[in-house]
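First, one chain by itself: the form predicted alone, in structure tokens.
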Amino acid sequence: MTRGFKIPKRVTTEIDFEGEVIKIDAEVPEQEPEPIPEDKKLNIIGKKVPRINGEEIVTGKAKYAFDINLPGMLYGKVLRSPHPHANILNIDMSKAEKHPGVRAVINLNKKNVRYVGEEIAAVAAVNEEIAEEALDLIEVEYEKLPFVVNINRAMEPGAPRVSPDGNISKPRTRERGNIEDGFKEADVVLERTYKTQVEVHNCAEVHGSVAKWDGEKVTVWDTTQATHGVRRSLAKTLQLPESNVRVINHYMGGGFGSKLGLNVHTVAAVNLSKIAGAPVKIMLTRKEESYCVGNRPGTIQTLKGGAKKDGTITAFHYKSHNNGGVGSGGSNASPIWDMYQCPNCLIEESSVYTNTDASRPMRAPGYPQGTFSVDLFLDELAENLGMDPLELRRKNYTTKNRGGTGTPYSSKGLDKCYELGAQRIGWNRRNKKPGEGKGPIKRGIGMASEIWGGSGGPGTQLDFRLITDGVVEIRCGTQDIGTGTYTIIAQVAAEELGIDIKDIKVMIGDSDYPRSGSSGGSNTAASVCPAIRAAAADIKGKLFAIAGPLLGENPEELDVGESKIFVRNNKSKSISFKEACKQITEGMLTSNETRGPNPKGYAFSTFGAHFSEVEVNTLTGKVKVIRHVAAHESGRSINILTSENQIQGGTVQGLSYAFFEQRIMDEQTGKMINSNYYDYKTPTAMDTPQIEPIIIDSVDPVLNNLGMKGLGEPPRIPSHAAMANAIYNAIGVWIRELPITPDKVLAALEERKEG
């Protein structure tokens, strides 16, 4: 019996999100465009295309959340705990409520605070100065409690309890093979401990929200990586229909994972706005950014590994303790678990709780920490085996995940990264004996590898329109977090339709547009762009149906290019794209096509290899990175220019992690000592080396219709480890703790001298 309506196709598929494979259920098209052949000559995809909104950004016309100023707008401030651990016995807001210029005060109803900076109350006033005065008028009676902010002290017996179940969580384990058998097979067995610091996000744009009510509907301009995700969470918190909540984020100045979820200050701005009957803006200060919006967890990692004389790795046993503050410290083990062929592997990871802000995802969460340990360990193992470190990695190369025991990767270009990166840096120039050379200034070369996800997946929805004037309008609820999403969307649409990129109007960053996922896990481009191509192909077919009779040809014989529709075997027989659009009798052609599922039977990962050359002054301990080569394979690159931007930016962040950044806590007060840009050190242009990106533009043959994977996080993963290995090659001394500061270099050299 005919139903009279079409039931869409829905499937369950897997995507790799921040190193974790998750299953999602989504509607997918019955048919997708054929993948673009790897050797097809493309006009816009794979080129260096300047950002289509670059002029708006550099001239200040682009509106970030901070730039939103509405009539009658009030300014909100949040009262935060000055204590790392305390019970709240009483809170009196009466003086603040009566203060001239104050329009609303709310109690966040906290009974207990567990770190300095935790939110307690919020105010809204006619200006920021009055709001600050009002905070000082809120009287809070605290019962101070014991606390601990240092990971080592938190692990000691008798340390103040942060979690009711203790400060060290039960280990999270993964195991394959038998590590005892693996160690018995080994000719060389090593065990080493590595430490990494807590790293603060410090985005260029601080976190903030502007909230405005219109009856029972609220609009929020938010600094978010998840426009639709925040809408959903906010609606649930407010117990409102999602249709009554609108979230807007047209521009954002960096998030790195810290802006993926709904924040307390956002809910406070919304509630203050409701009470005051006026828009409210809350923008955090730099100090609040350091205390209250997450961080990359610090770690203590112990890696024991064994290998045969020929370099075959037989076993890895990895233990880590991750300082997640009052939250989980996450996982670092995926590079050890997946990257190299190893049949026997045991992973044991525990969170260590301290009275500090809960960690949040930070650009490739967990992978920089795990890569630091495994890549330094491999260099140490290679030295003990008398092997070249690069050859040891090649010896244990695998095209299957889970250390060679799992499913094949959909594509893996790491071997090409090794080859081209080594050539470019001049790997044959490195010291054959670490530390050799005359004089106090030593040079060395090191390398490290990268694995990450970035598969993307279905679920992005579109409103794709071709207007009779030949202009394309694309509405999508995804967001551009500074990575160039506006531009790559326009590139894909323009390439598929054969028209100028200037004729593509991209509208994103608004929850009133069709739903798309969050910008995390390097999944935005690989989720959105194949959907854009599918919708553009659908529109193209509809336009061919109009142009075919005009040219006296079967629509299936037509093609597009250079803003024309032409007969595939006779390009001289053509009609301009815009002329064909004038014949659209409906006023516009529309499509809401999306991308298909990820194919089964594959692991989806990106790969890379970084090579670094450093100079070490053995008299001062000062390290200078001279040159850095970063080779990456992430499938087809849509925009070479923005891909190179990502590689350069990720490398600089890795440099910062290697030598500068660390959160310093006062163990007596529980406060962060360096909660500002002056004391929290990051590199300047004077510290930045020559960075040479290499993009292995190899098309993934099965993943999606563009053959692409994500590149947002991969460049952040291996750079610091490559630099650390280069330091050893320069001075012949291992430094196994980040950041590598001059005092650590001098201490290591002195220890070698004494030993």
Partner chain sequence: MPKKRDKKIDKKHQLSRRSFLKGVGSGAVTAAVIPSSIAAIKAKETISFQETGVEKEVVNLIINGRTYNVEVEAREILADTLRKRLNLTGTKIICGQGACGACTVLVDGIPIYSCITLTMDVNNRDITTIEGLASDGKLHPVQEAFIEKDGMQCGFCTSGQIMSAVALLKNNPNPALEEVKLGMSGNLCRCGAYPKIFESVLAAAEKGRR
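Given the structure is predicted, the values throughout are model-derived calculations rather than measurements. Numbering follows the first chain given and starts at 1.
The following text describes the form predicted together with its partner chain, which does not appear among the structures shown.
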item	value
Which of 515-523, 457-465, 411-419, 671-679 sits within 4.5 Å of its partner chain in the predicted bound form, heavy atom basis	671-679
Candidate spot Arg103, Gly482 and Gly649, all three touching its partner chain in the predicted bound form (heavy atom, 4.5 Å)	yes
Arg286, Arg232, Lys505, Arg192 - the one with a heavy atom within 4.5 Å of its partner chain in the predicted bound form	Arg286
Interface residue in the predicted bound form among Leu137, Met588, Leu145, Ile441, criterion: non-hydrogen atom within 4.5 angstroms of its partner chain	Leu137
Glu557, heavy atom within 4.5 angstroms of its partner chain in the predicted bound form	no
Residue contact check: Ile45 to its partner chain in the predicted bound form, 4.5 Å heavy atom	no
Interface membership of Gly72, its partner chain in the predicted bound form, 4.5 Å heavy atom rule	yes
is_contact(Gly277, its partner chain) in the predicted bound form, heavy atom dist at most 4.5 Å	yes
Residues of stretch 106-139 in contact with its partner chain in the predicted bound form (4.5 Å, non-hydrogen atom)	Val126, Asn127, Glu128, Glu129, Ile130, Glu133, Asp136, Leu137
